[in-house]
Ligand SMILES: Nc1ncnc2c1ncn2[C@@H]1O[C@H](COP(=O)(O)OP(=O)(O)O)[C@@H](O)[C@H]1O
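Single chain ahead, written as structure tokens, the form predicted alone.
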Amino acid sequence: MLAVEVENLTVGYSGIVAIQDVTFEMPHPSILAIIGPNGAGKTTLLKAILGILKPMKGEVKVFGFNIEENIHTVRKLIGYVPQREKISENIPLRARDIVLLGRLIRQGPLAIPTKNDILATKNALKSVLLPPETWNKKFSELSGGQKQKVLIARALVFNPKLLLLDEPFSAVDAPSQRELMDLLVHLKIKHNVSTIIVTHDINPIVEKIDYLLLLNRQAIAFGKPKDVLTDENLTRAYGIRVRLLTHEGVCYAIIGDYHA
């Protein structure tokens, strides 16, 4: 089964092309990382998979459903955590409130929580391995890693089959990055959830991902990380020579532009 099929996809804003002729297939369940320089079209690609942006050419399928023809079905299959999630820390919302609100928003502005909503909230918090003692903490009191887990739990509250995460590691420290990546592996193995991660730094997660897409408006390379991370591919993507290091069979890239 394929989680995502992208074929000859061209997407743009106001007629200006942002990504062009992108093609790849992502098996399910798996974890795919997307990297590339600033302005490469990484977030644009996520929005196209969500159906927020319509293709100028080509098509996107999620679990076999064409996005343009089945937008409501597809969106029920996807959980999304955007790059800059604005949650006011002046409002004393608890972790569990954040997750519950994510469920109620889809039901309409006058939705009242039911037993099923509360159970789904608890299950989502459990699935991201947050200990129960943190559920009633104010969101503002949580660590960076815990906040990301709450946002992922909110994305999981409707039991999606695919997670889209835009720069989920940008505001967390190295230990939290490893913990979050372990969580995504756990979700893949235990809950059959596939994940697409947009990131500017592949090195902390390269050992845990299944596939890598190197993007710079076009798909420079797609495949297993060891096959994608080559001198030639990285030079094509970033326009500079990138130093590669190999340790215990794993390839790491040292990229001058950290926001890659």
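For clarity, every value in this text was computed on a predicted model and none was experimentally measured. So that there is no doubt, residue numbering starts at 1 and follows the sequence shown.
The same protein has a further form, the form predicted in complex with this ligand, not shown here; the description that follows concerns it.
Per the 4.5 Å heavy atom criterion, this ligand in the predicted bound form is contacted by stretch 31 to 39, the sole one of 201 to 209, 64 to 72, 31 to 39, 226 to 234.
Taking the partner from elsewhere, Thr43 is found to have a heavy atom lying within 4.5 Å of this ligand in the predicted bound form. Shown alone here, Leu9 lies farther than 4.5 Å from this ligand in the predicted bound form, counting heavy atoms only. The partner is not shown here, but in the predicted bound form the stretch 18 to 35 reaches within 4.5 angstroms of this ligand through a heavy atom at Ala18 alone.
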